[in-house]
Every structure is written in C-alpha cells, then in structure tokens.
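Given as structure tokens, the chain that follows is alone and in the form predicted alone.
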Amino acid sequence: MRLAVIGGVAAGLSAAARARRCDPSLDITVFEKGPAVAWGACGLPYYLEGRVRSVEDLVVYTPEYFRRERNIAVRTGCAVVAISHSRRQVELAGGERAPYDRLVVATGARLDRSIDGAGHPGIFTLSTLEDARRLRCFLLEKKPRRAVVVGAGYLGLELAEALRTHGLAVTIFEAASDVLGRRDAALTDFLRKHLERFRIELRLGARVEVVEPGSVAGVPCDLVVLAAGWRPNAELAAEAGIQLGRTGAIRVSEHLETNLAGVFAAGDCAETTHLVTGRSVYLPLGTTANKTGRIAGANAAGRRERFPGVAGTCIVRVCGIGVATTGLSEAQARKEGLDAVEARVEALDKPRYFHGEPVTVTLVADRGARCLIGGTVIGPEGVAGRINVLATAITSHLRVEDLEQLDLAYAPPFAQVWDPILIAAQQLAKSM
C-alpha cells in the first residue's frame, strides 16, 4: 500500500514515522515544497536573538536520515499543486503525478501577508528558515534602530524581545484589545507594564492595514515584522473536495480522517477539539502538530486510534519571565456559556530565605461542574511545571476541591510548602 504525505515538518514527518512503525511494508513518500524538513520553527526567534548560532542547528533530521534509517522517501523542493482523490494521485509542480492509496495532508499554516505593502523591502515575516536568515542578515548589516512588530501573540512577543536584544526600540501593534488572544484584562495589563520596562511599547486596538518602510501608523521604523493572523494552508485540500470547518481549517474526525475516505489531515492545517468546550477550534501549536501527526499516521497505516483534543496549553518567554496559559480565561468561558469563576493570587515560588520570586497564578473553574477549566501562570521560574499541572487537571476534569489537595513536592530550594497553585485553588474554592 502506498502512503503519500504532503508536508515534511512536524505533523507530516510524525505521520510518516508513525505509519512506518505501524506497518513496515508501507511504501511511504513525503512531499515537501521547501528545501528542509524536520526543523524547529519555534526556535526561529532564538536564532534571531543570537541564542541559536545557526539555522542549521534547528534542523533535527535530514531527508537522507529518513531514507536511510526509516525507509521513507522524502522529496524536498516538491510542491503538490493538486489532489485528485478519484484517481488516487497528487500532482506536483511541473506536471508529475504520484499515486497513493492513503493520504495525509499536513500543509501547515502561514502568516497573513495581505496587508498593503507587505512585499516591500524592510517588511519581514518569520515562518521559514530563509525568513530567519534574511531578517538576521538585515539586523547585522543594516543595523536598524527602530522596529514595528504587527501582532501580540506568542510569536510577536518573542520577536519583540529578540529585537530588543539587538538594541532596537520596538513598538507592537495588536488589533485586539488583549494579548495572546486570551481576553484577560489583568494578563494584558501586566504584560503592557512589563514590556514598557524594556522599552517595548504595546499598542492595543490598533489594526495595521498598510505597512511601508519608514513608518507604520505614524510610528517611525527601520523595519517591520508581520507576526499576526495565522492562516491554515487549506486551499489545496478544499480544491480537492475536502471539507473545511467553521474556522477555515480542515475538518477532521476524532481519528483525524477527512470527509474523503482514506485521506487524513494533521497539524496547523487542521481543526482540533477543545477539551473544555468540546467545540472545533483552530490552535496552530507545535505540540498539537506532532501529536495529531502521530495519530493520523497510525490510522493511515490501518490503526483506529483517536485524538481526544487539546486544552490549548501555551508558554512564552517575555523579557525574562515565563507566561503560560491553558484552557479558557474567565471571559472566554463566559462567552462559551459557562458559569465561570476566577481566582488570582500572587505568592512566592520558594521561601523568602531562599530568594523566592513572586509567581502569579490565575485559576478558572466551571461553577456548576466545580471543575478546573483554565489557568495562567506568570513568573521567572517554574512556570512550565505549574502550567503542566493545570493542563493535567483540565484534561482529567479535576474538581477544585481535589486540586487544592494535590500532594505537590516541597523543599526550600525548590518550592513552598504551599505552592502558589494550592493557594490559588483554596481561593477559588471559597468563590464557588
């Protein structure tokens, strides 16, 4: 049986590798339009910053590795331009047709470049290795002094910090009234003040419709980086008769199968299910891409595995502190019709005599079910561990009274006897 995979980054290669493990007899071919596969897109801001020495360091595996070690044919520089499912074949740029019996679509996502002037020199995005090379070269050679970043999502915030590391004054424009798409006024206010301490201006409710070298919305700048409006690369699928969901991404079942039998979709081009609401959502994250790729690959190889969905857990470093979210904010929960209640505390992560630092924990629960449905953690250390506890609690439908009784580790060099999570859970229980 022949398995074709369109896309050779996180989801596509996870699908191909898992399919190979499930069925050693499969004939697997991966088509990737770019020059590289299996590279870490999330490391691009840190290459720009200088923390990662070379973009080649972000490449985890080469096509030769997959051919030699996994018996998977990986064809780079091969753009699939059409899918003919009735003939069970994909058409490549140049006219070549490649047959398949099963197909995994993992075409990823792209940043919105529809803003007028996005093609001018001095206007950048950060989606590919070549994007990163071009932007870093510009920084080192042209030595700009002022930058504008369009978008206050996790990429926009990471970019702002990277540009400040190069000494630029940075202004972030965000069309929404909040950061990270979270609808959390307290989080937004905290980040605005934190960014200001690092000479990063945050302008909210400021939609950018035109960009040009030299000025954006009256703000002088030497370069502009677009980091807003992720869009699923779903046009190829739609043209082949694959249904899209309400988000504009590919609609899939819990088995990652599309409406076309034998065609699966995974990663940033596909919808997934939110564990709290049960609704289809579009959350393009590397963690989701790898997990859905594995399930799609297994099922394309004949398994019947299901993907339960995601809580939307995300973490970002912003000028020396970690900011992590999972589930829903109180405002998001109320918009979904849930009777949400929130508690927010600030507490030291370690005893004061061990130089404890303040950590802010926000918990959101559904008053009716008494279950945790969201959380935010902000602090200089221990943020990933705490948000992972909250993500686990949401996935497990943990009740608030059980959360406040969790047996979390304590020793002065590492944690308080009452972890900030437990203190927040106690406050949340009092509010319900």
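The first residue of the shown sequence is 1; numbering continues from there. Keep in mind it's a predicted model, so treat the numbers as computed, not measured.
There is another form of this protein, the form predicted together with another copy of the chain, and it is not shown here; the text below is about that form.
Only one segment in the set 29 to 37, 378 to 386, 65 to 73, 359 to 367 has residues whose heavy atoms sit within 4.5 Å of another copy of the chain in the predicted bound form; it is 378 to 386.
For the candidate spot formed by S127, C137 and L236, no residue has a non-hydrogen atom within 4.5 angstroms of another copy of the chain in the predicted bound form. Contact check for G156: no non-hydrogen atom falls within 4.5 Å of another copy of the chain in the predicted bound form. Interface membership of Y282, defined by any non-hydrogen atom within 4.5 Å of another copy of the chain in the predicted bound form, is ruled out. Although the partner is absent from this view, N290 contacts another copy of the chain in the predicted bound form, with a non-hydrogen atom inside 4.5 angstroms. Not displayed here, another copy of the chain is kept clear of R182 by more than 4.5 Å at the level of heavy atoms in the predicted bound form. Screening L48, V400, V55, A391 for any heavy atom within 4.5 Å of another copy of the chain in the predicted bound form leaves a single hit, A391.
With the partner removed from view, the residue among H355, K193, R97, R133 that has a non-hydrogen atom within 4.5 Å of another copy of the chain in the predicted bound form turns out to be H355. In the predicted bound form, another copy of the chain lies within 4.5 angstroms of at least one heavy atom of each of the following residues of 407 to 432: D407, L408, A409, Y410, A411, P412, P413, F414, V417, W418, L422, Q426, in sequence order.
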